[in-house]
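Only one chain is shown below, in structure tokens, and it's the form predicted on its own.
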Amino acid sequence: MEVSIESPGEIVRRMTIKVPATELEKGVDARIVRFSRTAKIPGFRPGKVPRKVAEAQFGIQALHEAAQELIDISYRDALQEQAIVPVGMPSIEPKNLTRGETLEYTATIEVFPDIPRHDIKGKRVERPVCTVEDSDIDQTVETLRKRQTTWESTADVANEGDRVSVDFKGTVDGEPFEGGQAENYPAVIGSGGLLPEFESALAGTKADEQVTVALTFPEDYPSAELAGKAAEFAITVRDVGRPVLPEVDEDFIKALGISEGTSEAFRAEVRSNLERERDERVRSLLRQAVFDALLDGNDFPVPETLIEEEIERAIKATRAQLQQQGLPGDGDIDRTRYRDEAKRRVALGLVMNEFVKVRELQPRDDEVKAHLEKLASSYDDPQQVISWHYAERSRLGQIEALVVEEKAIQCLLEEAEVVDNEIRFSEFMNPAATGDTDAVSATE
């Protein structure tokens, strides 16, 4: 076997492989003999088909089968001989496939790139630090109360925060339209659940009152048939309800699962939950900051084979999600919309794999067990969840991968310049409300 290699791209290798004609002929002969013994040809007894007849009947098939087997074997041997680790399957192009002549073909493959950097030494990572204050607990308790709001009918006019139940009929150019009618439709004034003109008309109304609203749907309205159209709604107010929030008493507290039922136990539980949510968000943002720092300025070619595989996985997930929602999932999907994220995920995986390999990180049994126990603690039957993961190697392997990732992130953070960034709890947990989207960042 002869092997020559070209590098038409930074991570592309084209191997030209030649296999002696004798090896090809040997494989063809073996198959023709087999066909002569097993083929059923009219006029000949089973196992007594003459070689020439078998060759005339099955010669081309025997050639292709023998060539395919030699290509498979020689390709693997060539990889081993040249110490090449391919990314994905090769593109095989036969150059000469003739009996009595050297079998020649090219195998084009991608190889794994050299990673310039697989650490974040010298990078500055900001870590958010915040304390759960009594005011944060008060706000959470108020939110829990609002979730159990009841509504008390009133003869007074509707104000902001009141709930109105209405019947309405909408028309565009005098004609009703789909979705433009409803009965006993509930809406809270000031919540933003209705178009502004609707809310303005309902504010100050009473039960049994009728109003007419003229409005123009926004140009970006979800329904393309209505976007930008002028409409008129005839509205009848069925009921006006004032919000009644429950008292924070023993019954309220026990209904939330705190058996002790005291205010102290309730607030302690709320604080614990808020601190757990905070810690989870800190971990998530630090993880993202580490990933961003790993890729920042770390330029290398990303194998197209892996990008396409990642795109395919994303598309399959999208189709499955659409089907779960009862929507058609078999239509055409634009692959290009997934490309940037797929490329990033592949690049990040390559860098992380290199880091894990260099540092020789392995998941210990006790680490895997601890991770599983934490994961299972939120389920009704934690032991069943744990047993389910241990019952199949692939399931346990997913947990092991998560453990290794956590260890890698911790190692990377230990080598980075981590700077604590004081921030209020409410701002940290609700950055969209304050416009602060950079609670965590990584820079040089």
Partner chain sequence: MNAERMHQVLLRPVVSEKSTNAAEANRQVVFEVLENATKAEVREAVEKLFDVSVTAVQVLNVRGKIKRFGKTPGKRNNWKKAYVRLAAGDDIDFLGSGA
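Residue numbers count along the first chain shown, from 1. The structure displayed is predicted, hence computed values, not measured ones. Whichever C-alpha set is largest while still superposing within 1.5 Å between the two forms counts as the rigid core.
What comes next is about the form predicted together with its partner chain, which does not appear here.
- The closest non-hydrogen atom of Leu70 lies beyond 4.5 Å of its partner chain in the model of the complex.
- Under a 4.5 angstroms non-hydrogen atom cutoff, its partner chain in the model of the complex has Glu55 among its neighbouring residues.
- The shortest heavy atom separation between Gly397 and its partner chain in the model of the complex exceeds 4.5 Å.
- Of the heavy atoms in Phe44, some are within 4.5 Å of its partner chain in the model of the complex.
- The stretch from 382 to 390, 401 to 409, 35 to 43, 414 to 422 that comes within 4.5 Å of its partner chain in the model of the complex, counting heavy atoms only, is 35 to 43.
- After superposition on the rigid core, the Cα atom of Lys26 is displaced by less than 2 Å between the shown form and the other one.
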